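Next up: just one chain, as structure tokens, the form predicted alone.
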Amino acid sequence: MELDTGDRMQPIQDVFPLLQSPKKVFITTHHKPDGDAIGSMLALYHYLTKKGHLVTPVSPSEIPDFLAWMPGTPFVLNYEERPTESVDALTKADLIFCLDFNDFSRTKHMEQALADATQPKILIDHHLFPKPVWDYGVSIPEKSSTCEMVYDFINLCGDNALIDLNMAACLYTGVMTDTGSFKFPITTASVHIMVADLLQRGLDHTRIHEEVYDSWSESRMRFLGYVLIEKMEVFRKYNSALITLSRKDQNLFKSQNGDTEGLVNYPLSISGIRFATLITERSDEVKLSFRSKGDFDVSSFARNYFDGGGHFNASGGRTKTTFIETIAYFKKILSDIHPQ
């Protein structure tokens, strides 16, 4: 298993002495957080609080509705809604933990504040090519999720016995969502060993799955139907499919925060489709999500064409060009890549 420590990042174990006495700890994750981002942040929040630290978790943007049930969400500051309080917590912190992102730019509006902070910064992440901006940390792309890595961190601290049902629910959510309910190739034996440990503690995995996947609004379900019928194109010649969502499309069904989550995965259920893309128009940029099966590396594709990156089979990118221009550019390069 390859360990990427960046150019100057010291091993995560070197953080342990800093945590021997109570500290003010600031934890954050990436903009538009998903299950792994919120799960890892809240799991670490519960653990460090239990150890006697004063912890402030800050999300760069709103927590999606399908994750609002998670234990600890009322204590999370939304940077976009409460920037002054968030920056104040950052300024007063002794330590800064950054979870599930490899570049300050992934926090969007928080980027400069993090870059300017002088306190020790600690990274726990599983994305490729972390920027050399952290003092301590661990980055293992072969890990299923940042939640699995937080679980490993707690064990490395010798505190497995401290994992309670709140931590377990958060950890399980992140692993479940980032592995596609344990179907992606990144689901290793260590994932199942971790889940077995959480289940032995009394984790109600059925309830968590229902909260994440079976609590849709009627409008979200109708939105999905509209997307698959009206907004999906299939390119059999290239084993690919594309979903495009303008702001008008999203407003048709009054889409809520998180309603587009997972849409990019649906085309991969079509026989023969190896590469799926979702292009979403936002107020200040166009966002792209990429998923693949087999040997097509969407991380390299995202880096080469769309200023993005991520994992081998799951990545993202963005453009500052218009929605229409982005779609045209994507279709133009599709003939060059030939996903197999």
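Position 1 is the first residue in the sequence shown; the rest follow in order. All figures in this text were calculated on a predicted structure; none of them were measured in a lab.
From this point on, the text means the form predicted in complex with a small molecule, which you will not see here.
By the criterion of a heavy atom within 4.5 Å, residue 46 is excluded from the residues contacting the small molecule in the predicted complex.
Shown alone here, residue 307 lies within 4.5 Å of the small molecule in the predicted complex, counting heavy atoms only. At least one heavy atom of residue 287 is located within 4.5 Å of the small molecule in the predicted complex.
Using a 4.5 angstroms threshold between heavy atoms, residue 318 counts as touching the small molecule in the predicted complex. Site residues 106, 311 and 314 are all in contact with the small molecule in the predicted complex, judged by any heavy atom within 4.5 Å. Checking 143, 220, 127, 121 against the small molecule in the predicted complex, a heavy atom within 4.5 Å turns up for just one residue: 127. Across the options 289-297, 38-46, 267-275, 57-65, residues that bring heavy atoms within 4.5 Å of the small molecule in the predicted complex belong to 289-297.
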